[in-house]
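The chain that follows stands alone, in the form predicted alone, written as structure tokens.
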């Protein structure tokens, strides 16, 4: 299997995990059939014949469903359950139903005296919907965040910044072990960003006037690779050691509690960029463009970073990988002690084809291998007509050449570092680390100032407390992809660089679905904890607050039940009505039908899902234009708490 084949398969797997497994809209909600008129009920068994007002997609024969009477309500306000029934058959708009289990005489009598219309539900009595959570669980043969877990920088940075264990550390360890077998094979074969960079370099980048001009001006015997030629060896070396400086800045900032890995680590960078590019187009084509949130500054910034990384290919092949990528720098550590190395035999004719083929500038002037740069792509061996290049165990030698015929460099032995080089590298890394510490503290100070001026963001359900959240979140964008209806959206640059691209709930666009807990399931670092649906429905992430001066009933300017209807439909029942503006007659008695029923939020039941705010915004602000902004908004709570909502149906 060729390297390109592995790259394509790896990129395909990455795309499948992000854009299929994490895509929520393959979920099918539980169906309900309404408008069923009872025609006949058998007094002995309770079997019934019903006729539907319309029956475009009838339930399948043999299905077990819940028969309810929407005209009657139980103590929780739910439609009264008549029986669990099986569908015996469907003829046109008529259905034959029979009880799934034998009914008591009282239950049969209740059926016989119920006039309808009835409804059939797929959900069993007392069951919350779970289709979004069930859908992603059914599709996850591999965790959706697999590639994020494998990024060698995500785990160490999150663990250092958050002072906590994260499973991404295990992924980092697995990739470093792979690097012992094949140095930097993740960069050469598995990394989706590296594959996209190779694709850009071989199509758009190769047309760059800069690269073509350098290629024409290359002296005879020098490298013909336009991506690795520089004005001098010293400049080349300096550029290619920048990645160590970037790595030092990221880790030093993490030591201060500031997460920078999400800005520059390979997998979060490419995941976020592709989510911002592909998700709106995909959702617009499949679900309709009216369901796609407007493009904002956060998305434009994420897109600009990804395009900037690709655009470096206009100046040199894999310039990002060679000079700036801190994830590659981590992999270089294990690559220096890898079990397999590139070897050059005395059959070498110094034709320079290997140097022209190498995109990582891993081949020195004497055709030996520069330690830590080779990604084991074997492109050099593929173009060597003399067959002088071998990849053999580190302690071994090329099979057809005795070791004494090779120079120390050609045998792959690490060259001794000069004292001046060691001192220069130490000074550079020290300055980078100091810069990372300073940058980390500066961003923390800036975030503290921004946070005091703006309302705290409402984080997704399962999020750890705010400071720890900012330490752990790698801004990968995976939760944006997994969230149905785009309730979770990225924070913009105006909220501070430390909060940029972190997820927040945007209820004016959509509320948090009761049947979904996908965001915690796909988070690679534990910034959003995975929750089962039962706990997620009780965990309060915010509190709905009614603006009495703009709410139509409170302001006595109109009747409105939108927020309560939405809350009841979701199953939380956290909004009650109080009577306001009641007029009295001359005797002081209330005038019948005067006043308004105004919403009152029960803090012990509200979970801050934002569905009420979404409904008010869509109807009263967007459609009817009665308000300038929603009259009920969700505010973050200082610490998450469990509400009373949902316990009766647990």
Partner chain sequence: MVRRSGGDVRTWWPAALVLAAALGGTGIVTGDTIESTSGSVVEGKIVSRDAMSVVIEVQAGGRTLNRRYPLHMIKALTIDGKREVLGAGGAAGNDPAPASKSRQEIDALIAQAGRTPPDWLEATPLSYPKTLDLSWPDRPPGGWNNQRNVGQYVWDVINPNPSRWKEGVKFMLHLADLHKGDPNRRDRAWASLASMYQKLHRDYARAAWWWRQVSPQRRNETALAECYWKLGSKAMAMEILDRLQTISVSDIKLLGEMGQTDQAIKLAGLFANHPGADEAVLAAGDACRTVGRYKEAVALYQKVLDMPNQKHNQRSKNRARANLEAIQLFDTLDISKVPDGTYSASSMGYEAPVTVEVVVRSGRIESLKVTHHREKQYYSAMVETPNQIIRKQSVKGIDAVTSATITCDAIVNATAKALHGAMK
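Numbering follows the first chain given and starts at 1. Note that the structure is predicted; figures quoted are calculated from it, not measured.
Another form exists, predicted together with the partner chain; not displayed. Remarks below refer to it.
Note on contacts: among 353, 131, 341, 529, the single residue with a heavy atom within 4.5 Å of the partner chain in the predicted bound form is 131. Among the residues 108, 464, 500, 323, the one placing a heavy atom within 4.5 Å of the partner chain in the predicted bound form is 108. The partner chain in the predicted bound form comes within 4.5 Å of no heavy atom belonging to residue 385. Using a 4.5 angstroms limit between non-hydrogen atoms, residue 299 is distant from the partner chain in the predicted bound form. Among heavy atoms of residue 566, some come within 4.5 Å of the partner chain in the predicted bound form. Though the partner is left out of this view, residue 509 does reach within 4.5 Å of the partner chain in the predicted bound form, counting heavy atoms only. Note that among 286-294, 436-444, 160-168, 84-92, the stretch whose heavy atoms approach the partner chain to within 4.5 Å in the predicted bound form is 286-294.
Relative to the partner chain in the predicted bound form, residues 29, 53 and 623 are all within 4.5 Å by at least one heavy atom.
In this stretch, 163-177, not one residue has a heavy atom within 4.5 Å of the partner chain in the predicted bound form; the partner itself is omitted from this view.
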